[in-house]
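Take a look at this one chain, the form predicted alone, written out in structure tokens.
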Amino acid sequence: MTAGPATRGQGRAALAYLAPALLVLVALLGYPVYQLVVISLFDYGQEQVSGGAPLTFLGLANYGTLLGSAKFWSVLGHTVGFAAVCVVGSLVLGAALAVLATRVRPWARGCLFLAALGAWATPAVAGSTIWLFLFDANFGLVNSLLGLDGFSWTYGKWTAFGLVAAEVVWCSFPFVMITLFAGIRAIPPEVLEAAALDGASGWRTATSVVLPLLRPLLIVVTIQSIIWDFKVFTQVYVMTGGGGIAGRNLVLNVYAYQEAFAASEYGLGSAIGVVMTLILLAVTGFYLRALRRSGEVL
């Protein structure tokens, strides 16, 4: 079935309206990405930055060094696992609180939203510092309440990852909660009343009526959460002291920072950034393609 003249005209009009925003995005995002790719193809270190040595074109040598490094694959595995935990935690907590917000009184809902927006608006550095203080081994409130005086949450590899993941979920779930709450409130009451008249239970209504209607919003918050949590930097860097003892808590963004700025290997650090971008584009593309094939999105 081919599109008619009216449909094509609407498409051209929509493209014309979106063109200014597209140009701004290309200017703000396209050029930095281009520079990132270019730097990744050269031997670009401190000497080259200061002008003491000429640039040497390496081609894909930085990528070969990166992909041949066992450390890179270890950090990639940590990053994928860490991001998965954060995404699932944010979605579950945000969805649960969105449902709760539809069932409580307005004053309680207002308090819930204020608390959530406070967590969302807190700068990452400030939030990470507050969490470190709460979980301090000697003076932290959490250790005092649990009777774990002297226990260091950031010393062990997995407890440190768990603490950082909890902080990331804490500052990420408000986006999910508010988005899904708006989606739930937008569902026509007649639809829910019809399900109740048909004898559907609360669980059946949620899974067969509410979730299908919320699926477009769930797609948006899931993709957004994957992008945010895969490229977490501040929380990991602040709460683990730059990647943990002997780099046990490195994720790709922190690894790229260490290679680029601590080791002055800007070409290798840029290669890590390019690989991260490609991974995120691939994950998003495969996800949207699978949903389009199943008819979930247009």
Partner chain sequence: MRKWLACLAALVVTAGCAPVQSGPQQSGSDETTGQLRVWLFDEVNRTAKEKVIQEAVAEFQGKHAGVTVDVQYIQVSSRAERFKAAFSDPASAPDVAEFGNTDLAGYVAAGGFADLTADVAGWAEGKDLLPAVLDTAKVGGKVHGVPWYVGVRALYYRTDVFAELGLQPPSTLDEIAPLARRVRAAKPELIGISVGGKYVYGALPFVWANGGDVATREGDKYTSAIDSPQAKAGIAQYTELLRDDICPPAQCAGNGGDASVENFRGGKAAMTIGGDFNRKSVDASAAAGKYGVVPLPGKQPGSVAPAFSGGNLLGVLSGTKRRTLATQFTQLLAGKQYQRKMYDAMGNLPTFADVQRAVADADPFLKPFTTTLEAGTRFVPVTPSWAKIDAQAVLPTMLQEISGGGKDVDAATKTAAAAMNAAFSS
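What you see is a predicted model, and the numbers here were worked out from it, not measured in a lab. Positions refer to the first chain, counted from 1. For the two forms, the rigid core is made up of the largest set of C-alpha atoms that agree within 1.5 Å on superposition.
Unshown form predicted in complex with its partner chain; subsequent notes refer to it.
Contact check at 4.5 Å (heavy atoms) against its partner chain in the model of the complex: none of Ser90, Arg103 and Asp229 pass. Shown without its partner, this chain lists Leu67, Ala61, Ala263, Val33 as candidates; in the model of the complex, only Ala263 has a non-hydrogen atom within 4.5 angstroms of its partner chain.
This chain lacks the partner; the member of Ser152, Thr129, Thr205, Gln224 within 4.5 angstroms of its partner chain in the model of the complex by a non-hydrogen atom is Ser152. By the criterion of a heavy atom within 4.5 Å, Gln46 is counted among the residues contacting its partner chain in the model of the complex. For Asn253, no non-hydrogen atom is located within 4.5 Å of its partner chain in the model of the complex, even though that partner is not displayed.
In the model of the complex, none of the heavy atoms of Leu28 sits within 4.5 Å of a heavy atom of its partner chain. Put simply, Gly273 is far from its partner chain in the model of the complex: not one heavy atom of it is within 4.5 Å. Counting a residue when any of its non-hydrogen atoms is within 4.5 Å of its partner chain in the model of the complex, the hits in 230-246 run Gly241, Gly244, Ile245, Ala246.
Once the cores line up, the CA of Leu22 ends up 2 angstroms or more apart between this form and the one not shown.
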